[in-house]
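What follows is a single chain, given as structure tokens, in the form predicted on its own.
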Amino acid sequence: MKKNVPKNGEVVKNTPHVIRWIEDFRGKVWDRVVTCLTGMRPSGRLHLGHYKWALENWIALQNNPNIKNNFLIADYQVLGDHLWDTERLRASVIDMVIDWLAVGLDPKKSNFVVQSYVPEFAELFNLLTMFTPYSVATNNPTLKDEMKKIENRGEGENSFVSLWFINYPVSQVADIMLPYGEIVPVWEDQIPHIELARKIIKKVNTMYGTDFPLPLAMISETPRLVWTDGSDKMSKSLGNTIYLTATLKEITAWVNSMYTDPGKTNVQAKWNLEKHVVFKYLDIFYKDKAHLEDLKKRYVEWWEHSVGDGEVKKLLIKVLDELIAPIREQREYYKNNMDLVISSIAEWSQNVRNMGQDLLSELKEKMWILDYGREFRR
């Protein structure tokens, strides 16, 4: 039977199914522990975007005593549209776990879960597809966008949409439901995934009298990080992102290549800081906000104490290296202690297997598809 699972709606009473990050959470839940499910696709090297959008927030979640975290490595999702590249997937899983450990995530405080290590995910997914109308699953706007990307791939790549891929939003519902997930950190454009999860789980509860929690979306307030060329799309071919493995030399090269403002054609012209990539990064990563505002003032005004691109880029290089250098050091430690990396996913995935077996036993009992013939026993 399930343990320590709250009644539906207990997490946030009389509010919509959205929490505005941890500050909002703290105002609503103080007296018990709730379960969080979030994760990543191991499809490549992690970069500053991953750090700012996810890992930094996960550390805050990990440090909250009222949240029990499950960090999912969604390798099935990568297989769903990268079947031809499983060798890279294998390397990406290990690299991702090393990065997680290097930034300070602790498998002793949070479960590191490999999707394929927990076959209960697949079994629950199979059951949930039966509760989900095709039109509902395929009406997800994120799914539609991803399907277009696959269909527009070039020759030599997998350009067909598989049956599994069409169903991946339902797979995500299984990811959330299996560990009794109550909160799921997402961006606002991913709220439809949580709404789908709530619809399916509510249908299960209604049909079979179960009481599985309806998940709430926890919306991150972290600003989006533009890439080093100022675009909103990361491109490996353009090399417009800074990886968490970057050396000082690589950081320097990336920062020096950053766009500033193409509209400033001479030293007397005013800058448009809204388009200035270096200042965008400083806004996010530099902690001395008073000094930053002074730099901006001196940058846009042409007078004897003005500063130019060289000075602000030099500052950003220093700021980013101070952030990445300890991660580089920790990465080397874990690369030399691979037993810690391997055990962090093998041992802690088992925790979720145990929860999943409890949930499936309860669900299958309610559905009357467990232990056939027991009603005839004496």
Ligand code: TRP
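The numbering used is simple: start at 1 and walk along the sequence shown. Because the structure is a prediction, the values reported are computed rather than measured.
There is another form of the same protein, the form predicted in complex with this ligand; it is not shown, and what comes next is about it.
**Q** Residues in which of 85 to 93, 288 to 296, 212 to 220, 182 to 190 have heavy atoms within 4.5 Å of this ligand in the predicted bound form?
**A** Partner-contacting stretch among the options: 182 to 190.
**Q** Please tell me which of Thr38, Asn351, Ser344, Gln62 lies within 4.5 Å of this ligand in the predicted bound form, judged by heavy atoms.
**A** Contact check passes for Thr38.
**Q** Within 4.5 Å, heavy atoms only, which of Ala74, Leu79, Val278, Ile201 is in contact with this ligand in the predicted bound form?
**A** It is Ala74 that has a heavy atom within 4.5 Å of the partner.
**Q** Could you tell me if Asn111 has a non-hydrogen atom within 4.5 Å of this ligand in the predicted bound form?
**A** Asn111: no contact with this ligand in the predicted bound form.
**Q** Can you tell me whether Asp99 touches this ligand? I mean in the predicted bound form, with a 4.5 angstroms heavy atom cut-off.
**A** Taking the distances in the predicted bound form, the answer for Asp99 is no, it never comes within 4.5 Å of this ligand.
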